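As a starting point, one isolated chain is supplied in structure tokens, in the form predicted alone.
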Amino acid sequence: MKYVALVYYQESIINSMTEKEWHDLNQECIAGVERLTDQGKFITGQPLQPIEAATTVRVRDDEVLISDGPFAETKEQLAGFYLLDANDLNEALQLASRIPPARFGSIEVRPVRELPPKD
């Protein structure tokens, strides 16, 4: 079954890291993806640019509304995602617990909802 692991952290914590600490964290993430791939558990994933690069799009009454920044002001920001292939929720949670940024923030795990076939 597919699960998405959404990575959240406070960008202020990341921004306060030294260049070496940031590099080391990224290397840990790369090694983690390699491990998940070797186990056949990693489908895809990507880190995201900081929230300053975000744009929110809303459509209300056929009018497109565009605003700079994320949809909601939150303590932690969405930093990236992993799409995992796990046998069940317990395995997905166990895999998510090894995602390095979990030490600084949180990993939200959700089952993927499959769309019905096209008519």
Partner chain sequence: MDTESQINDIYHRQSRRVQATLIRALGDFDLAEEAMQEAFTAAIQQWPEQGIPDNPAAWLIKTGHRRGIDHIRRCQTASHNLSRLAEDTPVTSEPDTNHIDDDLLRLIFTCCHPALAVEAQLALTLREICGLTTEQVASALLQKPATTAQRIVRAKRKIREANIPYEVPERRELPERLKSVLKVIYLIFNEGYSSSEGDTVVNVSLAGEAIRLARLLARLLPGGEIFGLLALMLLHDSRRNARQDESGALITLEEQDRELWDHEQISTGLAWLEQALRLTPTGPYTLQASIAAVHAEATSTEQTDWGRIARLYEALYRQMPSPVIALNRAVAVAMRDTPEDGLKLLDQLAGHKAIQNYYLFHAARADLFRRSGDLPAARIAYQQALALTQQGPEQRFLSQRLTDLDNA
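Take the two forms, find the largest set of C-alpha atoms that superpose within 1.5 Å, and that set is the rigid core. Residue numbers count along the first chain shown, from 1. Just so we're clear, the structure is a prediction, and the values are computed from it rather than from any experiment.
Only in words, not in the display: the form predicted together with its partner chain, which the text now covers.
Though the partner is left out of this view, I66 does reach within 4.5 Å of its partner chain in the model of the complex, counting heavy atoms only. Its partner chain is not shown here, but in the model of the complex it comes within 4.5 Å of a heavy atom of N90.
At the 4.5 Å threshold, heavy atoms of A53 reach its partner chain in the model of the complex. With a 4.5 Å cutoff on heavy atoms, H23 does not count as touching its partner chain in the model of the complex; it lies far away.
For the marked spot (Q49, Q94 and P111), a heavy atom within 4.5 Å of its partner chain in the model of the complex is present in each of the three residues.
Partner contact region in the model of the complex: 55-63, out of 23-31, 77-85, 40-48, 55-63, criterion any non-hydrogen atom within 4.5 Å of its partner chain. After superposing the rigid core, the C-alpha of T44 moves by less than 2 Å between this form and the one not shown. The two forms, fitted on the rigid core, differ between this form and the one not shown by 2 Å or more at the CA of L89. Once the cores line up, the CA of H23 ends up less than 2 angstroms apart between this form and the one not shown. Compared with the form shown here, the Cα atoms of Q94 and Q27 sit 3 Å or more farther apart in the model of the complex. Panel note: the distance between the CA atoms of A54 and I107 is smaller in the model of the complex than in this form, the difference being 3 Å or more.
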